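Take a look at this single chain in structure tokens; it is the form predicted alone.
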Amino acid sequence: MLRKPALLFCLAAIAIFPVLASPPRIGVFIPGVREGSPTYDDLAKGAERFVSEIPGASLKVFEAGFDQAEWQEKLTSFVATGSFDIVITSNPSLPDLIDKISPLFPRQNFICLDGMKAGNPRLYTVLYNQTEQGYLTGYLAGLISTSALHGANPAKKAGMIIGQHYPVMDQLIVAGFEQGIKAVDPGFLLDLRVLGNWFDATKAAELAKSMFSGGVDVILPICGSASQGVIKAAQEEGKYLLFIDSEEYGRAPASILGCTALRQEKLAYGKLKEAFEGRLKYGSADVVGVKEGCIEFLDKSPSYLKGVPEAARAKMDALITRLKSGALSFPIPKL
């Protein structure tokens, strides 16, 4: 017979680390494609790492493509197989789709990264504070534009080329970027262009050239594979680019001077681990950012260290320190 202290310890251990009837079965629903989409690739990598550490665990990755009109039907079919203990996905649009279909599958658990919705007892969401991400990137854009770098000019203009409008883009990323450039100088203007898709590199190059001729000397492209056209235009014009979400320095080392990455692989792995150990609070919605290590400015690349003046790098270091300590924070607006 177990003595009382030992029994209590065992019960506590079961509460924290529940024993599953079988190894976890994980489904990864990608609302797009994995190749060429670093955020979705990292989502899958995080799930793969989690599954690799648990004997007998299984994983299926499904790519739903870019037609958003098909996502709900494809997600329903994916879940209807009954093959998964947890379905993990990532996109600001997915929490609403999950909310619609979850009554059909009352025992299915969902995790959605890069989205926000509280109250569904089978859904956990966690949103990146992309106002922080936009602010960091915009602040660097302002520092580059006002520097003595070759290609920078006296016009206080920085640019963004986005694939399309949606709440997180407009209310977090664009808003944060504009706050960042104006923190360098309130006189900065943001030249925002909308591509209308995520693949037309020729049109993206034309937009970038138009912006450069109008006085912009640094652009943040958020337009999927079309960003290759923006890179080409920057190389031809001797101008500068910044990227978010992933490490992109290698695509154009002399032109790309900063990257502010989302640590999607880390977040996916960590949240699946929390779910497996019974620590994930379904029904809740969290926000993570620089302080939690889920948004990171990549400051070790030679492109950044050699391309950005030391004085500007010192200001970036000071900004990152303030964000990590919580001395500077950005509340998330209602989306």
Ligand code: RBF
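Just count from 1 along the sequence shown to find any residue number. None of these values were measured; they are calculated from a predicted model.
Form predicted in complex with the named molecule: not shown, discussed below.
Comment: the named molecule is not present in this chain, but in the predicted bound form one of 109, 228, 93, 129 has a heavy atom within 4.5 Å of it, namely 93.
Listed residues 265, 245, 85, 178 were compared with the named molecule in the predicted bound form; 245 is the one with a heavy atom within 4.5 Å. Across the options 180 to 188, 160 to 168, 233 to 241, 116 to 124, residues that bring heavy atoms within 4.5 Å of the named molecule in the predicted bound form belong to 160 to 168. In the predicted bound form, the named molecule sits within 4.5 Å of a heavy atom belonging to residue 173.
Contact annotation for residue 68: at least one heavy atom lies within 4.5 Å of the named molecule in the predicted bound form. Contact annotation: residue 222 falls within 4.5 Å of the named molecule in the predicted bound form, judged by heavy atom distances. Shown alone here, residue 37 lies within 4.5 Å of the named molecule in the predicted bound form, counting heavy atoms only. Along 301 to 330, not one residue places a heavy atom within 4.5 Å of the named molecule in the predicted bound form.
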